[in-house]
Each structure stands twice: as structure tokens, then as C-alpha cells.
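Quick heads-up: it's one chain on its own, the form predicted alone, in C-alpha cells.
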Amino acid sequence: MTLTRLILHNYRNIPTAEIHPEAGFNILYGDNAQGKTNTLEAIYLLGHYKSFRRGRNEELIGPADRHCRVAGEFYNEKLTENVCLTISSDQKNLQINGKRPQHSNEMFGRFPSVLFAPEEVSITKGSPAGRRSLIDRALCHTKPSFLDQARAYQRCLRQRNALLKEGASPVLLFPWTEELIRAGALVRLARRQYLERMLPLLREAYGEICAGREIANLVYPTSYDTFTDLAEELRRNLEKENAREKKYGMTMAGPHRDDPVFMVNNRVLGLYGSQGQQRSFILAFKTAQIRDLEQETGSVPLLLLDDMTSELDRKRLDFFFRFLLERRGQVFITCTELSPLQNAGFNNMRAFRVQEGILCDY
């Protein structure tokens, strides 16, 4: 899959832009705060329909209008598809080939992209929510139906929490508890199945980065791998937390509280890992995600690299540059200078200079 055209209107600091990327390497370069990451974010939006940054819709909209627009043209196996996302302060309107999708399965996995951004390194030491999100975003591209499962669980969780806050009777709470168990077991099962498939690829990639001197691992906080066992486990956990749920008025067990443990050499990365090990782990995770996505779907995702050359040291850059040069997919890289990429052998690339929100060919 290749992004052949990108059109932006009133997107953050970019008043208007239209570029025609190459099928291989595309470099967005220029000084900081000029719009490079904004452009990368816009490409990410076309496949994920939400930003990788925190914030409200209003923050995506520039000063020239009350809405912004991101549009892309994708080419995949002799088929050209168009996607357009119009964003206002209170809603996003998505159209694919001129029609509004009716189901999430029509959206997710259709224009896959994998992002590596500097802020993701902090996920290893941050809150469990960041680690869950990292796994869930990757999972959605190989299993789009997971989004519906996760949403169903969240809807049930909100309703159950509302009843707990009201001090509802066990009779009123019972059907929502049963639905939470069913939906929660499905979410945990999908995560377990994805990680079981992806873990060997993660270990392999990490071993390549560190020349086999260290072993990476990712432990999900349940050992069960069937729906029935996972449902029974969640039921037991909820019964154990019954008193605390009444006290605090919220659901105290379930996939919304799971903490996936990132490890290197059997030590918890968030507690004992060096900055280099944390960067290596995230780099290996993304590499494994790409390889898994290609194996499972046959689709080659876009790779979006935000300020990579400043975030990784020489050893990790060398590994990732080799990985990129071996790939057959489309890559977008932001950087302040072209020379590190040119020196690494990225000769067949298209460069776009970004200055004060204006994109132009190098």
C-alpha cells in the first residue's frame, strides 16, 4: 500500500498543502516547530482516525476556518482508494471513496501505518494505560473487530460504575456484571492471542538490536488462554473486590486495569531498565508489529518515524536503518538535517522541506 497524494487544509499550522510522496522513502525536514510532525500526524489520522497526540479536536484546526480537512489517495494492488477526514470542534466526518463507513471493520486495517515517536519511549516507565494502548493499537490493525469488543467493554464498564456509585442493589448490578465478564474475557483473549503470536518476533528484533546479549519479554497479567477460563478468572476477581467496589464506587478488576509487564533479562524494564534498554524495547516492539502485520494481512504498512535520528544512538540507528533499507514499504521520516540519512545510504528518497507550515519539494 502506498500513499500517492496527501492534501491538507487548515490543519494546525499548515494553511494548505498538497504533496505526492514516493513509493519508498519520503523525508520531511526543516527546523523544529515548522510543521513536520503535524504532517506526519495527518498521515497517521488517515489510518487511525485519531491523533497519536493527546488533545481535543479544536487543537487540530488552524486559524483560517472552523474546520480542517485531511485527505489522502492510496494505491494498493491496482486499486486506488480515497479517504477524507473533515474535523470540526465537535465531530469527525470520515468518507472512504465518497461514502461514510457504517462499521469499524470498513475502517481499521484498511490504511495501516505504524508510528515511532520519541514520546513513546516513556511508555515503558509510564502508567499501565500507555502499555495497554500500545498493544491495543497494534492489535486493531490485524483484528479490526477488536475495536468493537473494546468499545462494548467500555460501555458496560461505564454503566456498571454508574450503578456502583449510586449504591445499586445486587439485583440491578447482576446483569451488568455478567456482561462485563463476557466482554472483558473477549478483550483479554484478543490481547493474549496477539501477544502470543507477536512475542517471538519481539524477542528476535530485540536480539538483533543488542547482538544477542539480552532477552526481551512481555508478560500479560493472566496465564489463561481460553474464553471460558478467562471469564471465570474475571468472575473470581470481581467477587474478591466486592467490598472495595462498594467502598469506592467503581469496578476494581478487569482488562481496564491490566498492567502488561515489559521485561529485559527477567527484570522489569520500568523499574530497572536503562534509557537505552527502554528505547531498544520500543524499537523492537514496533519492528515486531510491522513484521506481524505483514505476515498476518499480506499488507505492507506505512512507517512513520518522527525525529528518529535525534532519539536513537548510533548502534540502534544502524539496526533500524538496516531494517528500513531491507523493507519494500513506504516510509515517512521527519528530521532537521538530511545528511545522517544520506550517509546511511538513503539515496533514493524524496525530500520535502517544511518551513512555517509550507511544504515544498527539496
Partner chain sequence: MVKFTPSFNRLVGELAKLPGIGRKTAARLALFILRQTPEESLALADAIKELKERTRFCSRCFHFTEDDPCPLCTDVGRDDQLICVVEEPQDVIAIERSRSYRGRYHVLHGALSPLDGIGPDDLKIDALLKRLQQNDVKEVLLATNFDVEGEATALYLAKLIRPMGVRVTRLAHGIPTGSDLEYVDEATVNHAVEGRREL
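Quick caveat, the model's predicted, so the values are computed rather than measured. Positions refer to the first chain, counted from 1.
The next section is about a form of this same protein that is not shown, the form predicted together with the partner chain.
Visitor: Counting only non-hydrogen atoms, which stretch in 80-88, 108-116, 179-187, 280-288 is within 4.5 Å of the partner chain in the model of the complex?
Guide: That would be stretch 179-187.
Visitor: State the residue from Ala152, Leu201, Met263, Leu195 whose non-hydrogen atoms include one within 4.5 Å of the partner chain in the model of the complex.
Guide: None of the others qualify; the residue that does is Ala152.
Visitor: Tell me, out of Ile209, Cys156, Leu269, Leu218, which residue has a non-hydrogen atom within 4.5 angstroms of the partner chain in the model of the complex.
Guide: The option sitting close enough to the partner is Cys156.
Visitor: Within 4.5 Å, heavy atoms only: does Pro175 come near the partner chain in the model of the complex?
Guide: Output for Pro175 is yes: heavy atoms within 4.5 Å of the partner chain.
Visitor: Heavy atoms within 4.5 Å of the partner chain in the model of the complex: does Tyr248 have any?
Guide: Tyr248: no, not in contact with the partner chain in the model of the complex.
Visitor: Report yes if any heavy atom of Gln95 sits within 4.5 Å of a heavy atom of the partner chain in the model of the complex; otherwise report no.
Guide: Contact with the partner chain, no.
Visitor: Can Asn237 be called a contact residue for the partner chain in the model of the complex at 4.5 Å between heavy atoms?
Guide: So Asn237 does not count as contacting the partner chain.
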